[in-house]
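Next up: just one chain, as structure tokens, the form predicted on its own.
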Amino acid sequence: MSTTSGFRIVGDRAPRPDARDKVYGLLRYADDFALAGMLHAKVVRATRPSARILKIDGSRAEALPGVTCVLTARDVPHNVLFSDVPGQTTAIGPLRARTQVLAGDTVRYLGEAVALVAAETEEAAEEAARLVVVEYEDRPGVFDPEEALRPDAPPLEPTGNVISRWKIRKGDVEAGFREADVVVAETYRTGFIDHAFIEPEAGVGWLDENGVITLRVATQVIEHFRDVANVLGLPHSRVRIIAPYIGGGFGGKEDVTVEVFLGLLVWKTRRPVRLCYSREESILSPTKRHPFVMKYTHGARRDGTLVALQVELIADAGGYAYLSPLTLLYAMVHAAGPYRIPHVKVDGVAVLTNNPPTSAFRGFGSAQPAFAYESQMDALARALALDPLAFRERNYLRKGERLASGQELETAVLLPETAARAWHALGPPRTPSGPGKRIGRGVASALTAYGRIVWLHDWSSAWVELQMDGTVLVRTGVPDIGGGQAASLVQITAEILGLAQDEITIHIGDSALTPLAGTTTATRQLYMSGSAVHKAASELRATLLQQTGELLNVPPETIVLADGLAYAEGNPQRKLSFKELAAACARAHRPRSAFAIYQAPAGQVMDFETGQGKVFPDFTFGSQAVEVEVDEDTGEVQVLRVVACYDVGKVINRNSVEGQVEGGVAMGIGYALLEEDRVAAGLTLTPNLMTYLIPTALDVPDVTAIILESGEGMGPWGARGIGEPALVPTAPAIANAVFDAVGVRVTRLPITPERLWRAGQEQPARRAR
């Protein structure tokens, strides 16, 4: 039955096929899996942030009963792991990065993997890991990215510590500042952030009956089978990766985590092997969100028109590059925000240090600059005595205009609507809850790219097949990281074929048996794999319409597919079941399946000298408005209300869209007020969830999500991605609300009570406004 919108199920709150098992705790995540004869693995990790390895002695570990092997760098066939964008077809030198699988001669950060052990029991593996003796010679380290830029800084690479530089040039920034009546300059800083997903890095590997190394792991990228094969020196076809449903990714499972370690141990022992990181290990060693130093200077005319922007971005890459060059590029393109500024100069650099490595994280390179540019917008509006909302509206980019990087905004830009609706939905201000408490409100807007860089030639593929009993099978290599990726694909198929969701089965995340669909990153799966499934299902639908038309002797375009039946429009009595159609197609030698590849629109590589060119397929635009209460005596900030308004193009599943918005806001509250992986001289001081604070239900208020549908996105029926954009404006909106409450601008995240108190001591004039 179609609705007034013309859709049967798209846009509805359809239940996810995986929801029941998750609610009842029945879903088997990566570590909920065991095989007979399975070994248990542990990683021996460096205890120094910068050192030369003199000797590794695994003899005592190997002699321990139950231990089957100890591996060091000498045992790894090819001890280099490259961090190319998976599946990319264009070699972009500045994006290429490498890491050691196991540390060879040197250690570059505390927690780096030095050796692997495997034993009959987990206890024996832990004991064996403790018995591996590593002799180090400490080397000078560098732990501050600005210090790492100095010529006399200890180099991590023979070529120095700089791993990438990008720049954007538009107009004449000096001339722009000469036009300005007001100039606001500030330096903003953000820290290391852990992904803190519920499910840590984990997996089980085994050798199948065909001699294929098979790894069932928590990963956002099943294409890492190529990395495992390259390290082992095997053909790519001899490694298979299966991604079950994943308990949170947020970018933390985009890079290789346990995959290569499991592959090495299976290859060495020829037995099944399990590896699951502890929470402490998960915080200590894998990649984090980049700390950024962001030096912003804006110039504006008295009437509130922005005229100039100069930005310097410094990203701490930690011990290895990973995806830092790519993250920095994203930050560069997003650095000016969604604003029209005629003269822009942006310089960015990513720097190696002996800190924990940094890489992908939800809001990939766009979350840090948003804190800076939205704080600047608020400060500029106040310096000009203008309403912050009106100031933004004057300067918002519109459809058809260009970013500072030269990319034209080709689809709807509903920023004025999102900001106004979010702000007004806050309603009347609350009364402070007691003496010394002050209420404040803030707003922030952002644009966030979805989909992969256009010059990397992204693609996704899917297979949709009508079974002989009339049900439908969908196969695609999408890893589902909890965002409802698989459910959305079922919903798209159900809409196109006129079937109920329970008549459709989907198989996902298997590099050997499902068509490859690329990474579940970059907010790309609904756009890319949604389009691939839409294309395959539409091709199958065309076949079914043709077959039905011939059987009923009516034109195919008059056929209706609904409720698992096919009939001529206006004559539902003459109908065929899908089971009958399957048999008819088989008799007629018509295919009952369709395989489709969706190729994203491609583009030319940007001009590296000017930073000009098209980088992303499209952006999602949105705004958030926040109300907070600040305790002036303690510096404690409580978020009272959050309203988030986004143009998502087209809603596929309303529950999933709202869930992504609510989850993004919750993570943004943690980014703004609580979360920071404190690192001192390379040592992590917050190694568990007792010390690394994440928001609880007591910290997150009800979130109001207002969803707009312009229908102008790049995905199915004009859908846009929402996973990462939902996080980006939260922290700056809270920072602006805190300023509104107490007149203190905190320029470093998170805004802890101590930082707010200290900032108040440094800004007494503002506080006494």
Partner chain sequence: MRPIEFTLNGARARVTVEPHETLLWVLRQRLAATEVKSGCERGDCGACAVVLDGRAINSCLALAVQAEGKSVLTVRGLGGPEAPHPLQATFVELGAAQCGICIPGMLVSLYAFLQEHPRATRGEIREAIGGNLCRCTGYQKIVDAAEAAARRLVGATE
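Residue numbers count along the first chain shown, from 1. All figures in this text were calculated on a predicted structure; none of them were measured in a lab.
Separately, the form predicted together with its partner chain exists; it is not shown, and the next lines address it.
- With respect to its partner chain in the model of the complex, the three residues V23, E658 and E675 uniformly fall within 4.5 angstroms at the level of their nearest heavy atom.
- Here the chain stands by itself, but in the model of the complex one stretch of 101-109, 505-513, 548-556, 189-197, 189-197, has heavy atoms within 4.5 Å of its partner chain.
- For the options Y450, F361, F621, Y330, the residue carrying a heavy atom within 4.5 angstroms of its partner chain in the model of the complex is F361.
- Exactly one listed residue, out of P388, G141, G482, P286, brings a non-hydrogen atom to within 4.5 Å of its partner chain in the model of the complex: G482.
- Residue contact check for R524: none of its heavy atoms lie within 4.5 Å of its partner chain in the model of the complex.
- At a distance threshold of 4.5 angstroms between non-hydrogen atoms, R274 is in contact with its partner chain in the model of the complex.
- Residue contact with its partner chain in the model of the complex: S433 places no heavy atom within 4.5 Å of it.
- Residue contact check for Y567: none of its heavy atoms lie within 4.5 Å of its partner chain in the model of the complex.
- With contact defined as any non-hydrogen atom lying within 4.5 angstroms of its partner chain in the model of the complex, the contacting residues in 234-273 are I246, G247, G248, F250, given in sequence order.
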